[in-house]
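Alright, two takes on the same chain below, each alone as structure tokens: structure 1 and structure 2.
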Structure 1
Amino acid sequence: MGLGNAWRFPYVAYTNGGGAFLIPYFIALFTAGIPLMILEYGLGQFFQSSAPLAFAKIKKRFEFVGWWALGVGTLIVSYYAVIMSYSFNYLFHSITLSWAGREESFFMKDFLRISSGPGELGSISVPILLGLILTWLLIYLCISKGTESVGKVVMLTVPLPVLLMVVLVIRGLTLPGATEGLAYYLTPDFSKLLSPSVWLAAYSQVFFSLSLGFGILIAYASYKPKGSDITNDAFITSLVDAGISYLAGFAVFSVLGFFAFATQRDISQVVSAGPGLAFVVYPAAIAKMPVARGAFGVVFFLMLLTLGIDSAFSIVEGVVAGIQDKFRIANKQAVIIGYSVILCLVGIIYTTQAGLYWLDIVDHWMNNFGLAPVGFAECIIVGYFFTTDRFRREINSVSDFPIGKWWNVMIRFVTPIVLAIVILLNIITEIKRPYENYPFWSTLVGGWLLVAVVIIVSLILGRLKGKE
């Protein structure tokens, strides 16, 4: 469980029409999520190396795909840390419940002091900047202890958020109007199935939430003992992750139903959809708790913070492993410190008054035109240059339930074809109509340019000779 479940899933589902989003989401989970997770776990376990080295072992010229994945992960973690900084700040605001009764206006006006657009940066928010520095310090402390400490931290920080989420669902469901919210969340809208943007959003959400296309799973699977049941591990991880997202949807949409009931507005209009949704809806649910609201708020945001740290240090671990593998740098601490300082500096843009706009743009482009293309490339490489049959035999030799030929079909045909179509259709859509009506120059700088830079840098790193 990570921010992908509690923060990103609800806002992506709300932006894409609630029930209209669920069918593509489930299809994406089974056609791309699970098959690609088996693929990434398999690559990591068989090659026992980080993402770039694993691809280089298939063919040297594919090493850049590993760097591409790590590059996309790097840009994602740059704003991920800012979401964690928001949680840090909300943790303190919980003590006084500063937002009670005016959640959206508190988040947008008092907390972010949001400007009129991405071009108007305004000033840096000191509390968000301090939260960002603290977040990177925490990530550094967790990761510098090695993967064993990662396991311990995750063991502590995963079960409690699930419990808190269940409490929020119960509170949400008992609010007036909750049924309308759930109807919006669960009623399928088949007309939306023709919209390529909904499909790409669903695939990207599956990639983000399962950490596919980041290179993380390859690095982590390289630590798994030989003989681990890859197939079952992939199924458990994917189904539990999607199950928690699905649960978070109940908490958020029941509160949205309450907002619609209280303001007598249509549910699609009650709050501004976007990355800030979680910081409007969860606080509203907390403010409606019958007892110990402040304490519940503190515990909830503390948990949101630890969830973010789980996800963030896994991304950092993947990149650090890649750099160490390539350049044979023995001093891991130096790599972590250098990487954390650079990303903390990059994150300053998101602490400005236009930060949320830039976060939204980078999040949209890195997920839709970063993770999804990396997933496409992985399918092509394993499907056509490593032979899926050989790969499947290797996986089946260590797994309790063997994967059938359906996996070959998914990796060679279904997943890459679907991804290629939705990516291409979305590129056309983005060019015709800029995302969320942001100025074209801002989507060019924060979107297309960043995507291009990541690819160019990956190609250069892939061609560089590593230290033997």
Structure 2
Amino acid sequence: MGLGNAWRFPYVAYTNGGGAFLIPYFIALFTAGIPLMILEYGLGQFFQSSAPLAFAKIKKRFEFVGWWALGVGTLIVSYYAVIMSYSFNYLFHSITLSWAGREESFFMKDFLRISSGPGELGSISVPILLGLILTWLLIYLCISKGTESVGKVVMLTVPLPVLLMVVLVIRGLTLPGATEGLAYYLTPDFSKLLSPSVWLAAYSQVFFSLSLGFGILIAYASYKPKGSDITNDAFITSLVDAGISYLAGFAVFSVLGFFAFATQRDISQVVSAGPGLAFVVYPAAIAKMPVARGAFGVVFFLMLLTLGIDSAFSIVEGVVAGIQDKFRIANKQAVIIGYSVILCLVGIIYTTQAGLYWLDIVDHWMNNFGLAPVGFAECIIVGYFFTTDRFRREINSVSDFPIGKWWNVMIRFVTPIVLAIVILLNIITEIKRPYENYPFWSTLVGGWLLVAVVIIVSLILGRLKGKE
């Protein structure tokens, strides 16, 4: 579970057909999500290695795919930590509801001091920088002792956000206007299913939400004993993740329905995406609540933080495992500290007055042109350069229920074909219409150039000889 469940899924579902979006979403889940989840769990557990080394054990020249996955994850966690910094700051502001009555102005002008565009960096925001440093300190503490510390952390950070989300759902459903909000969220618009962008959104959401293509699942699966279950875990993880995303929609849209009711506006005028939803619209709705406004502000941002920290430290753990496997570095804490310091410094660009622009650009390119290509490469490698039947038999030998030859068909044909179409349509869309009308140079630098750098660095690391 992560921030993608809490704010990304409800908005994506609403803008792509409401209740009808569940059709492409579950098709994406069963044609790409679960097959790749089984594949990544299987690779990590079978080879007892991180992503780069697991692919290298299939063929040395494929090691770069593992580094590619970790490179994409690195860029994503670089801005993910800044979103958590926003949440830390808003958790503090929830005590006094500093934003009350001027939510958009507070977020854009007081908090971000947003500039006119990505070329105008301006100054660094000290509160956001301090939140960024605090986030990386917490990430270090969470994984400093490996699975021992991670196990203790997730005992809190997995059930707590679910509990907080249930609290928000219950509270939201008791507010006036909640039913209109839920109707807006769930009313099917089947005409949307004819649009390629809806299917693109479904596959992107599945990849982002399940952390496919990050190298995370391979790293964590490598810590499990070789006889551990695979298919049951993959199905449970995938379906529970989808359920949490769906539940989040009730928490979000019941409150948005109330906000529309309280401000006498049409709900279509109050729905917003990403940071706009979490740091403008939702706080505005909280400020309108009749009682315990500050308490529900704390609950909401505490939920975002507990969702975010799991995703953040899992990405870091995947990269650290790859570095340790490659270069045989025994001192894990030194690797974590070095990696965290470097990414904290990289993250400073997101703390500037143009930070939100760069966050948006990098997020768009990594999600659309980073994760899906890695998933495509995984399918080709396992499907055509590894014995798929043998791999499936290995998975079945340790799993509660066996997977049939449908999995071979998915990995060799269906999933790579679908992902190839998704990638091609994404490229065509980008050529036809510049993303958010940003200047071409900014999308070139923060988008295409970053994708190219990740691939080039991955190829170099894949060719390097590690320590024996």
Partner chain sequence: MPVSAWIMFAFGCIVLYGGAIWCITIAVKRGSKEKKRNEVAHNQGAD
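These numbers come from a predicted model, not from an experiment. Numbers given to residues start at 1 and step along the sequence of structure 1. In this text, rigid core is short for the largest set of C-alphas that superpose within 1.5 Å between two forms.
Comparing the two isolated copies of the chain, the second one is the form predicted alone.
Superposition of the core reveals a Cα shift of less than 2 Å for residue 140 between structures 1 and 2.
After superposing the rigid core, the C-alpha of residue 77 moves by less than 2 Å between structures 1 and 2. The two forms, fitted on the rigid core, differ between structures 1 and 2 by 2 Å or more at the CA of residue 100. The rigid core superposition between structures 1 and 2 gives a CA shift for residue 266 of 5.6 Å. Core superposition gives residue 286 a CA displacement of 3.2 Å between structures 1 and 2.
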